[in-house]
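Only one chain is shown below, in structure tokens, and it's the form predicted on its own.
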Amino acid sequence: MNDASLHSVPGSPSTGSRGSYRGRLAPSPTGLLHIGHARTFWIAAQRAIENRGTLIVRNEDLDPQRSRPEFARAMIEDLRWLGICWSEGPDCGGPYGPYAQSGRRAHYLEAWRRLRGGGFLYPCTCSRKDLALAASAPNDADNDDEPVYPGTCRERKHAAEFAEPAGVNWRFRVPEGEVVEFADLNLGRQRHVAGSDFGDFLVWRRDDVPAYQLAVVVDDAAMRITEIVRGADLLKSTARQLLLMRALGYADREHAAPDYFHCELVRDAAGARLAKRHDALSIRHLRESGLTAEKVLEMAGWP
């Protein structure tokens, strides 16, 4: 992928030819937000203010097994408590709704059909156990969420026989050896090699749930997002998503990809990145212990 579609320059504002700035917060209601989320979301809010743009909230509640309405309510309350304001979201509506992914299935199905029709996808019957046995090295869970796929089902040719995605996993066939580069507004130039740094990745799960990579690409394009602020653990996901954008026609010489600003991760005392299982460092727990929003942001390393 060349830079014609990736025009970000480190440190520059994100407006350009795409019009006014549109940023987003995209929490998932699978647990309570922690101070790492507080830092990233606060940075996203500040960048929207600095760019005189619009900030939206999107409820990424795709996973029916883990998403819970009480966590969705808590994340809206905790973000408001931090002093973050937005113009569009599940609590206030807007022109690009619905703002919960559970209500956007038709958008994801249309994208799946386009990718399948374009020859970018193939059905995969490998189980998690199969993949664990085939992996040449353990997954680096601190920097990625998906091990490099060994290519077991890559040559399957009957994708067109499936009218619906349910029943098998669907993988995006990455262009082996292609270098995917982008200029991150915070961390500088990023470079990943398809097939080496990441492999053919999931876009739809066998339990008929769209995968994260597909859903966020579709939603960011539909909601006209111009800059994506998120954690540095998603750098490889950005490379994957740039390939998806190109395949779907969202990023080419006529359509710019969003700019990216990846934030350094907040870590615990042992040096591990925070996860939602760190209840003691959740925004809700810290609120209830009597801390102010300013103190929580200070703990998160802001400013």
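Here the structure is a predicted model, which is why all the values come from computation and not from measurement. Residue numbers run from 1 along the displayed sequence.
Not pictured, yet referred to below: the form predicted together with a small molecule.
Chemist: Is the gap between Tyr212 and the small molecule in the predicted complex 4.5 Å or less for some heavy atom pair?
Modeler: Within the cut-off, so yes.
Chemist: Using a 4.5 Å heavy atom cut-off, state whether Ala26 contacts the small molecule in the predicted complex.
Modeler: Close contact exists here: in the predicted complex, Ala26 approaches the small molecule to within 4.5 Å, heavy atoms only.
Chemist: Check Leu32 for me: does it contact the small molecule in the predicted complex (non-hydrogen atoms, 4.5 angstroms)?
Modeler: The answer is no: Leu32 has no heavy atom within 4.5 Å of the small molecule.
Chemist: Examine Arg205 and determine whether its closest non-hydrogen atom to the small molecule in the predicted complex is within 4.5 angstroms.
Modeler: Answer no; every heavy atom of Arg205 is more than 4.5 Å from the small molecule in the predicted complex.
Chemist: Can you say which of 90-98, 155-163, 104-112, 228-236 gets within 4.5 Å of the small molecule in the predicted complex, counting heavy atoms only?
Modeler: Looking at the other structure, the answer is 228-236.
Chemist: Which residue, Val216, Leu79, Cys124, Ala194, has a heavy atom that falls within 4.5 Å of the small molecule in the predicted complex?
Modeler: None of the others qualify; the residue that does is Val216.
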